[in-house]
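As a starting point, one isolated chain is supplied in structure tokens, in the form predicted alone.
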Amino acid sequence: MNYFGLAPLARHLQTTRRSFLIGATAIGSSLVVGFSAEADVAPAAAKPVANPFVGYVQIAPDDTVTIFSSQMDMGQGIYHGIATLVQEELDADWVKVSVIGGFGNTALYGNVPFGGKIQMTGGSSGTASSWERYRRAGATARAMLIAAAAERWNVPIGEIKAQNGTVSHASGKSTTYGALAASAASGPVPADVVLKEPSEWKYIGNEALPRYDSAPKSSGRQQYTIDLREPDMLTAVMIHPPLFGATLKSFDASKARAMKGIVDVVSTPRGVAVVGTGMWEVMQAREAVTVEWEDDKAEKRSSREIAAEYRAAADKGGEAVAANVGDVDAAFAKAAKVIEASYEFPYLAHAPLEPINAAVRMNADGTLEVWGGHQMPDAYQAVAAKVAGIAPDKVILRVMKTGGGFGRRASVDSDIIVEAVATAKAMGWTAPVKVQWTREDDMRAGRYRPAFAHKMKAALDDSGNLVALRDTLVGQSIAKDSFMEKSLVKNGVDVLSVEGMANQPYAIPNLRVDLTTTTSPVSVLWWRSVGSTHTAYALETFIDEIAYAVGKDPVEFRLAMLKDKPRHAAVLRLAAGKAGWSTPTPAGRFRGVAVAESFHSYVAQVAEISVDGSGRPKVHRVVCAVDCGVAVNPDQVRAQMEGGIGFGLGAILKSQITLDKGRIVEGNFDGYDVLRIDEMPSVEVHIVKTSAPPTGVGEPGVPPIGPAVANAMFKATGRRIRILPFANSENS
């Protein structure tokens, strides 16, 4: 999100183990290699649309290698990861490798863990989706190059080597990949290729492998959508309803249209767009537009009212059951001790550094180009076509790198795409248009992590064992009323709401998780690690509380209930050992621990904190252990753990979106506070060495950090933080 979490989507969509059909073609004098998923792909989905390339890897005569990524890069480094997979088998000249976003061919670019039925980036699934097919693409291209050289030189294939972009023979003959590309493209495609054994890996797992895209990013040459400047391109800003659920009634733009640099003011399905020659001009003109809204169905409650309603709903018990094991009621009836706790979590903004944007241009040939951070290309292509009134194969997506996303650029209603296409269409396609949201637009009219309440209850026996656990959750559904509802909402339960709790890892003989799904016009969306952002906090702080209540060490208490979960137990032991859990802390320091699985990756963290005179925590050190399967890029794994820890820390300590009579209070980083650089702790990341297939790391670093710090706070102060963020006045 990116990221955002779609592990449940993967589980619900995937029906078969997928195999791949290999293919290759020539584009000009280039060799292009690609695959399509063999199973469960409808013929219509398999047909490429508006895609100038049909493949994963293209080798051009000038020796450049272009990789077409099925995943979009929002800073998580998936382009680098996919390049590494191809390079491991292809062994091209690394400095001549580049990656761009592919689109328009679900059979080719569909997300494999999600069943291959939709192209999207999310759920920390990028590496898992790419692991086999991109390695096979590289191996196939290399085999075809070697075969072409063998035929040209009339020597056995087994005598030829291919490495660093060069094909050579012991006789002294050699040539480059590019020089062989055309002839290789006309040769037969191998029915199968043998991938390297792990002992042969040169790039996968290489600690010293430089990022292929380091140069443009470090020099400022990397272009993002916010930087886009096409000839004659106009800029637009939006006027959104001040209340969620309000709709446009009328507007008067006469003053704005008379201002310098303003080209037009038009209505869209989501508000009013002010269009002009530059960002400053349209921002000034926006203030001169008078808008009347219809707000009869709008959200008009304040955050305190919503929280009170959530608490009352939690007291009644959930309306739908997400998990039910054993006999919870009977276990509570004969419990030696019962512990209860309630938790409240606010709405949270994604707040990416680059606010939401998209640009469109209608070309003379009837094709529509759409630039942006296309996290869900299939959906965005279809929506753009519908709004424009053209066929999907006329929509060309320009997949841009983005300055962060955290799930925000995977909007199920394609919000920014609708606005950009509708604005250009309303102007008669007279010029290219870029719609750019400001920070305040994104804070006050964006998409949020849903607010949630938990009411938890534990039953203990005479020996202090946890024999029953119940959690009632109350909050909005992300998937409801979206095109993903059919896959993600089962028997009234949105799996995104309860992930991390309904599938909690501890051996508890009696478990009940139930859910009340609320409704509100406030728009919600997956936020980095989705349901686990609140379920991991509630579960891990509650487990910690139980451990202390029965006088047991929090690590040992957890391990005793993780005997059937070896990967959870392994990261917990590793983090605790590296943090010196069993040794005394320095004076004034306190430790807390948490472990969580999200998106099939396992992370444990130990936080070491101090508390100042006003009761505010300072996080000094975090020791993190992660099991994400094979670490394709170890440095990237560490970077994502570090980033997730910083992201999660800001959220639990300070961040919140609040409503005052339906209006969002926070508008920028002066109100929506995030972690500052001087607050970032020292982070140690320890990666479990394993041969298991790779999973994801973009999101799993987030869930454990909140409860680890909260548990350390209890050690320091004796207080349990149950209302987030920590800075909330209720905690003072």
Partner chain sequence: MRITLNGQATDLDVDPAKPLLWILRDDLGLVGTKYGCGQALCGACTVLVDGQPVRACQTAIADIVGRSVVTIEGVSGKVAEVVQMTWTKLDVPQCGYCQSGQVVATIALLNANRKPTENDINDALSGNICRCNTYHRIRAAVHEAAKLLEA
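For clarity, every value in this text was computed on a predicted model and none was experimentally measured. Positions refer to the first chain, counted from 1.
FYI, the form predicted in complex with the partner chain isn't displayed, but the following is about it.
Undergrad: According to a 4.5 angstroms non-hydrogen atom cut-off, is residue 131 in contact with the partner chain in the predicted bound form?
TA: No, residue 131 stays farther than 4.5 Å from the partner chain in the predicted bound form.
Undergrad: Taking heavy atoms and a 4.5 Å cut-off, does residue 324 contact the partner chain in the predicted bound form?
TA: The answer is no: residue 324 has no heavy atom within 4.5 Å of the partner chain.
Undergrad: In the predicted bound form, does residue 224 have a heavy atom within 4.5 Å of the partner chain?
TA: Heavy-atom contact with the partner chain at 4.5 Å: present for residue 224.
Undergrad: Contact with the partner chain in the predicted bound form for residue 259, defined as at least one heavy atom pair within 4.5 Å: yes or no?
TA: Residue-level check for residue 259: no, no contact with the partner chain.
Undergrad: Which one of these stretches, 601 to 609, 581 to 589, 346 to 354, 167 to 175, sits within 4.5 Å of the partner chain in the predicted bound form when only heavy atoms are counted?
TA: Flagged stretch: 346 to 354.
Undergrad: Which residue, 271, 643, 245, 662, has a heavy atom that falls within 4.5 Å of the partner chain in the predicted bound form?
TA: Spelling it out, the residue with a heavy atom inside the cut-off is 643.
Undergrad: Identify, from the list 550, 283, 426, 312, the residue with a heavy atom within 4.5 Å of the partner chain in the predicted bound form.
TA: Result of the distance check: 283.
Undergrad: Across 393 to 408, which residues bring a heavy atom to within 4.5 Å of the partner chain in the predicted bound form?
TA: Heavy-atom contacts to the partner chain in the predicted bound form: 402, 403, 404, 406.
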